[in-house]
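First, one chain by itself in structure tokens, the form predicted alone.
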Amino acid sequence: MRIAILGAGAVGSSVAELAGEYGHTVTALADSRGAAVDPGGIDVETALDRKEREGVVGGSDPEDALAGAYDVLVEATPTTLGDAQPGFGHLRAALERDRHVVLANKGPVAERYADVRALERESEGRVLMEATVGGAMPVLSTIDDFGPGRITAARGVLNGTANFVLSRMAAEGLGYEHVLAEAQDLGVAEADPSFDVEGTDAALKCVILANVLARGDREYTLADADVEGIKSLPGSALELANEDGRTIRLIGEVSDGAVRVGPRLVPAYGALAVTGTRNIVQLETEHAGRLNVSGRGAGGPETATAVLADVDRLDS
């Protein structure tokens, strides 16, 4: 498959680097300032070297990547809220050309899910989005295999930064600010970690799960989610939980038509008490009980594997 990649951050760059191993050709790679475009296949190493040296992947206009020769558009630009632009516009342009779209960007399907599906119905292209929920974890494909109508609820730990902070606070008895600074030093947390620690990132993933499980009966957006982060959680709360054989994790949940994210007490040695940046999603099924899907929920190469798995599905 010929792939055009919009977004040259950790995920987009990793998709470009790994695409050849999966048997695909990268015909375009674009960042916000420029693009490398070649219908026969770009030199990925050269483009990424230029990105590191000059801050831009190539001398072409980013719009040239969107209008170029490709079978699948990989949308890996940063997630935005509200109108989900420019990601939604990129998706629309590809579908209007009857091209497939694989999303790493959560915005279009967390904020404009009905619009995305309407565009998809009018196109010969398909939209796949495994990478939007849980990085390398096959959450959406598991739901698809079972059938969304057979899943009654979903819950889990869906943000690695918040989980790192909470698990370190619990294990070492350290305060929030101290652990957050450590996470930033290690590259686990962004310089501005608000998207993660306020629960927004986990909520977006839960909204996507809610949309998938609703099967078009209802559209969810971030505005429908009840969200509480971890910034105001005192270390004493974790200490008290530990005395009772429990701990606290930032849990997202989709059940009974509601989307909720917030700190929750969980058994200290239970499945939801994953540590570090590890994520987990529990799916409640009609006939098979509870399924646990756990693994690396973020990271460039990890998320790129989910993107390329979607590309393989389109190629099968």
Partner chain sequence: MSDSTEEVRAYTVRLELVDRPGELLRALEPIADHGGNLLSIFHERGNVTPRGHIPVEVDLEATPERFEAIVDSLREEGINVIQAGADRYGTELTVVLIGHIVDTDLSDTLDRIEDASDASIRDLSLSTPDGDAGESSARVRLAAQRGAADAALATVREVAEEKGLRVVEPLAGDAA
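Numbering follows the first chain given and starts at 1. Here the structure is a predicted model, which is why all the values come from computation and not from measurement.
Here the subject shifts to the form predicted in complex with the partner chain, a form of this protein not shown in this document.
- In plain terms, the part of the chain that comes close to the partner chain in the model of the complex, with a heavy atom within 4.5 Å, is 247-255 out of 47-55, 66-74, 247-255, 23-31.
- Using a 4.5 angstroms heavy atom cutoff to the partner chain in the model of the complex, all of 229, 260 and 272 count as contacting.
- Remark: residue 236 counts among the residues lining the partner chain in the model of the complex, judged by a heavy atom distance of 4.5 Å or less.
- Using a 4.5 angstroms threshold between heavy atoms, residue 106 stays clear of the partner chain in the model of the complex.
- Within 4.5 Å of some heavy atom of the partner chain in the model of the complex lies at least one heavy atom of residue 265.
- Looking at residue 186, you'd find every heavy atom of it more than 4.5 angstroms from the partner chain in the model of the complex.
- Of the residues 155, 100, 112, 90, just one reaches the partner chain in the model of the complex with a heavy atom at 4.5 Å or closer; this is 155.
- Screening 181, 171, 223, 240 for any heavy atom within 4.5 Å of the partner chain in the model of the complex leaves a single hit, 240.
- For the partner-free chain shown, nothing in 49-78 comes within 4.5 angstroms of the partner chain in the model of the complex, judged by any non-hydrogen atom.
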